[in-house]
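Below sits a lone chain in structure tokens, taken as the form predicted on its own.
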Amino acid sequence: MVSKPHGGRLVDRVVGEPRRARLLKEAKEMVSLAVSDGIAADIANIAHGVYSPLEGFLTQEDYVRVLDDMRLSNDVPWTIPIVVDVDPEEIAGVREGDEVALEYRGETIAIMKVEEIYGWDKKEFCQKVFKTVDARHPGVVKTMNRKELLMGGPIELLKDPPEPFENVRLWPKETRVLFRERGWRTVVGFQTRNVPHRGHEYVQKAALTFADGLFINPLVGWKKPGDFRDEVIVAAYRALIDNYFPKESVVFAVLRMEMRYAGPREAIHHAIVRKNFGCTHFIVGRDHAGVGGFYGPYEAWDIFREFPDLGIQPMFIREAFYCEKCGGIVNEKICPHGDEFRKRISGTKLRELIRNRREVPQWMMRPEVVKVVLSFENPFVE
């Protein structure tokens, strides 16, 4: 039995005909707001139920509750404020109760009913969401550059933003049907923003041992410089799955959603999203969604204790390494040997080897994956 959607109902804010045609016509008379890549992705994720139970951007009451208590005003767990920021001059003349057209790359993609316009304290946001106001944190920099006001209210999607990976994109209503058709009663979700190394593969297969199916769901969208580019991640996972997984045990689909690098809070957010896709279990990584040492190595594990009502089971699988004496990828729970036999799989070291076009050992990454990654002239975000 796939999981129930978060909040009990899968949200659907996608407009069909003839209402869509009417709203597009009416939109020409509305104030229009141009939205960023990230907000366009959030609009689509709201409309297709990825962010259930949200039906739009947070109003102030929900915003404050999420910041302070990591719950919506109806007490449903929610940890990352989903907000749209605007400048006062952009919405001059817009009143609460009005409708505005949300534009992306010159096209109206959604209509928003403005329930509330309110100010926000960006430093407070950063301190509560990221646990820091340090400008070395990429989420802090991005937040401090956002606009002065926030608008809350429901949205209606008229047109999906363009998706370059449409052939490997699935929405929750599609994955739920697919999981049921495969007879999967337990589905474990895996979040990633990286190409897969042997440690990732180990964790995925360890989880799959206890579940009917594995849902690999990498994020595509804005990432910090030095992270792998989206097309590299997609191609690398295709190589891994084609060569090292039974076909009927894995579903692979991308999710266009920005990384926030919010550590523990984002770990809960990632779990909720995969619950909406139909996952019953979710792999929580060591330093999940962390960056630059801002969070403790297992802080993202500890936060799940605060959410007994989350409705998806976290899976805490310890960091994998290669043990020369065991002769394979293992973790400290199953390997009795000392550090002199253990080779750690360092993401930093791996990126350095790839950047310098040096040989990547097979104990770190599958050769088929290495070949695909190196086929790109520059695999990294600049």
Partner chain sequence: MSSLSEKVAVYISRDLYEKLRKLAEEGGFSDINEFVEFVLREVASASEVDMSKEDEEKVKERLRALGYI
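Numbering follows the first chain given and starts at 1. Every value quoted in this text rests on a predicted model; they were computed, and no experiment measured them.
There is another form of this protein, the form predicted together with the partner chain, and it is not shown here; the text below is about that form.
- Checked against the partner chain in the predicted bound form, the candidates Val94, Val76, Leu149, Leu208 yield a single residue with a heavy atom inside 4.5 Å, and that residue is Val76.
- Of the listed positions (Lys173, Lys113, Lys128, Arg286), a single one reaches within 4.5 angstroms of the partner chain by any non-hydrogen atom in the predicted bound form, namely Lys173.
- Contact between Pro379 and the partner chain in the predicted bound form is not found at the 4.5 Å heavy atom cutoff.
- In the predicted bound form, the partner chain sits within 4.5 Å of a heavy atom of Val177.
- Proximity of Arg193 to the partner chain in the predicted bound form: non-hydrogen atoms within 4.5 Å are absent; the residue sits far from the partner.
- Though the partner is left out of this view, Arg65 does reach within 4.5 Å of the partner chain in the predicted bound form, counting heavy atoms only.
- No residue of the trio Glu231, Lys349 and Val373 has any heavy atom within 4.5 Å of the partner chain in the predicted bound form.
- With the partner chain omitted here, the record of contacts in the predicted bound form names 159-167 of 159-167, 290-298, 103-111, 137-145, defined by a heavy atom within 4.5 Å.
- Shown without its partner, the chain has Val251, Phe252, Ala253 in segment 242-257 as residues with a non-hydrogen atom within 4.5 angstroms of the partner chain in the predicted bound form.
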